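The chain that follows stands alone, in the form predicted on its own, written as structure tokens.
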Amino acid sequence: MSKVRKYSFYSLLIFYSILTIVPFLWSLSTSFKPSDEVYQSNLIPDQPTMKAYATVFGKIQPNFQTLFANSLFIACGVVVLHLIFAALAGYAFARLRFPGRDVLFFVVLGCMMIPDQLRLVPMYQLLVKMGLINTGPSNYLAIFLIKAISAADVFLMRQYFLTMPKEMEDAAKIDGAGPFQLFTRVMLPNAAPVLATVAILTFQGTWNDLFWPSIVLQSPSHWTLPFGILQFKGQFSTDWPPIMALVVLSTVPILALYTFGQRYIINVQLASSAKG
């Protein structure tokens, strides 16, 4: 029975892997197809062409380089904010003692169940009153304020800090370390896996986000990569090869991040489930 369970589990993983990779392979294939082959079922194009990639790099406005730079700037900025605020909040919930700590933590967890669409109107009104809408580069500040922290990241940081031995802090306190020194010199250096996980997940979510950028970034010069895809979708037809080329190019940074950082994600998932 153990072999049956083992092979059944592997078969399930293989089936799920196929379901995951086939859409990407189809996107890659379509990006090299001429327009008259798009709706054919062949995975390998009969007449492969780079025309779609030439269109992406040369015929969209703003160009691919601008879209890529904007996406990279926003994603990296949000990652930095998440690392700072999630680490501070996670450490406070895990190690500090203050009135209402557990109640406040459950309130933070409750925020995970509130979709962005429900806070759209009040958030937009607040940004308008702050003068961050239609004000050029300040649109980036609006994005950073909206996405400055995530309840899921706070949860990950808190769970990981709970797994760290209390003896490390006790030894540092004996040496005269204060709360801030404990955080920066003891806890953070040992939290590299969870910090890497937060950075990867935050970068991926921000990189692919279209909802808030479509509302806040109203100037074409500030658009991100998901906006580029919309340029090839017309009212009556869709130019699929350039869309797929842009999708493939947009996926490369995410694939690179997950390739080099997947071990951190696995370690943190195991640690976060070990202690509640």
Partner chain sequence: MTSTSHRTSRLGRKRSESLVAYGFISIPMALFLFLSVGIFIYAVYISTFDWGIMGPTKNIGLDNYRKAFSDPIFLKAIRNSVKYALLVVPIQSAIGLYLALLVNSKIKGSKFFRSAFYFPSIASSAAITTLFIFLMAPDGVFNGVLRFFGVDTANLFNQGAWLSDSRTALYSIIGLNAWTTSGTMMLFYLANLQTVDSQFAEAAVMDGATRRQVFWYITMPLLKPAHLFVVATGMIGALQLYDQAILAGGADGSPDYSLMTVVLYIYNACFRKFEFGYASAIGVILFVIIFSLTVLQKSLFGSAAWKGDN
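Positions refer to the first chain, counted from 1. Here, rigid core means the biggest group of C-alpha atoms that superpose within 1.5 Å across both forms. The structure presented is a predicted model; accordingly, all values stated were derived computationally and were not measured.
As for the form predicted in complex with its partner chain, it is not shown, yet the points below apply to it.
In terms of contact with its partner chain in the model of the complex, the residue from A171, C76, L141, A148 that brings a heavy atom within 4.5 Å is A148. Exactly one listed residue, out of P189, P137, P99, P165, brings a non-hydrogen atom to within 4.5 Å of its partner chain in the model of the complex: P99. Using a 4.5 angstroms heavy atom cutoff to its partner chain in the model of the complex, all of F24, I243 and S250 count as contacting. Among heavy atoms of M50, none comes within 4.5 Å of its partner chain in the model of the complex.
In the model of the complex, R185 stays away from its partner chain, with no heavy atom inside 4.5 Å. Contact check for T30: a heavy atom falls within 4.5 Å of its partner chain in the model of the complex. Contact check for F211: a non-hydrogen atom falls within 4.5 Å of its partner chain in the model of the complex. Interface residues of 83-98, taken as those with a heavy atom within 4.5 Å of its partner chain in the model of the complex (partner not displayed): F85, L88, A89, Y91, A92, F93, A94, R95, L96, R97, F98, in sequence order. Core-aligned CA deviation for K33 between the shown form and the other one: 2 Å or greater.
Once the rigid core is used as the reference frame, the Cα position of L104 differs between the shown form and the other one by 2 Å or more. When the rigid core is held fixed, the Cα atom of M244 travels 2 angstroms or more between the shown form and the other one.
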